[in-house]
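Only one chain comes next, encoded as structure tokens, the form predicted on its own.
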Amino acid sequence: MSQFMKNNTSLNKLESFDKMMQKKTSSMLGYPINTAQEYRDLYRFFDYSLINLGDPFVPSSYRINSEQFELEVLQFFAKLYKMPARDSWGYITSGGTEGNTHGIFVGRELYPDALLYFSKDTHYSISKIARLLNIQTVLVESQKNGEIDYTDLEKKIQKNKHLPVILNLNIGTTMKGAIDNVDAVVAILKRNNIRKYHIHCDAALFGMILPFVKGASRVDFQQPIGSLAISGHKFIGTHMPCGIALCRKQLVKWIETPIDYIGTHDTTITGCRNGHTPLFLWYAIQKRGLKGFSKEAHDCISNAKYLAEKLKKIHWPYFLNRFSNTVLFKKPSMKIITKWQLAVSRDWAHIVVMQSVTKESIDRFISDLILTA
């Protein structure tokens, strides 16, 4: 037995932390994390230093990796988003921000003098990425529901028609769950004869919801988008942050550099990547499949409507976008915010109805809300 295992103080600290995490996990409503998944079959692989290096489509000289699983995961997402086989590329990232960084980086390399357009409801990572990549930005107004204001977008594009366009479109905004319409944006670009453009779609959460919802806004690579980012730890629910970056293969050539040291190409942001996350994503796909993901997406949207109806009955101001699992409502007391770990922006809070948010937990939240109103 190790000296650490003999140390009761250390063991007690871990035991205490475990109990605290169980309690906090059971009362988390404000953030888009699926806490309902179990991956015990994979725990044995933590004994290995799984590291994926460089381009997943070009084998590296480091063989303790999970690239075979990464490629299967990418194949699943390429098919889900209708990527042409000859133009399909992607990799497993550390999360949504890295996926956004990769997509916008590709756009910047393609058009070095482009302006980056994004709406006021865009995730904070986009403005940070613009600073990192030294890209000039154009902030576009948002509609009341959080969707990009197409009239303002067109006006600002017309003002800068002499420069290429990089567009970040939100496929589910952070606070309101609004979806920017890709077809409407493409129509604006065509109408104004903008031929040099790169569209990146931030689909961190909704990227695993919209493909399974009939009548939802269309987002796929049959449209002229260049890149798309999805989070793995949100809807899918891995135990550590990760994501999926999809990009057209012809565009990745603009950032590709052969690296002798690792025996592959440098086409990613981080170079060396977590080799365990592809296993988690692969396992989730094998276990749940399209039917399982579809049921979960519909359950989340159904329970979001249930929450909205409950708020309506107690006359609590709320808003719910169509095809969304994010319910925005008037900010409650600090006691409620703290207990249920709600995300807050100014006078509003939201609940992201994930797989672990049941009707029972919604009922408990509503009861607390009534008591503290």
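Predicted model, so just to flag it, every value in this text is computed and none were measured. Each residue number is its position in the shown sequence, starting from 1.
Absent from the display: the form predicted in complex with a small molecule. The rest refers to it.
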Answer with one of 303, 264, 174, 217: the residue that has a non-hydrogen atom within 4.5 Å of the small molecule in the predicted bound form. 174
Please tell me which of 97, 142, 274, 88 lies within 4.5 Å of the small molecule in the predicted bound form, judged by heavy atoms. 97
Name the stretch: of 118-126, 155-163, 250-258, 286-294, exactly one has residues whose heavy atoms fall within 4.5 Å of the small molecule in the predicted bound form. 118-126
Is residue 180 close enough to touch the small molecule in the predicted bound form, meaning at least one heavy atom pair within 4.5 Å? no
I'd like to know whether residue 231 contacts the small molecule in the predicted bound form, with contact meaning heavy atoms within 4.5 angstroms. yes
Please run the contact check for residue 204 against the small molecule in the predicted bound form: heavy atoms, 4.5 angstroms, yes or no? yes
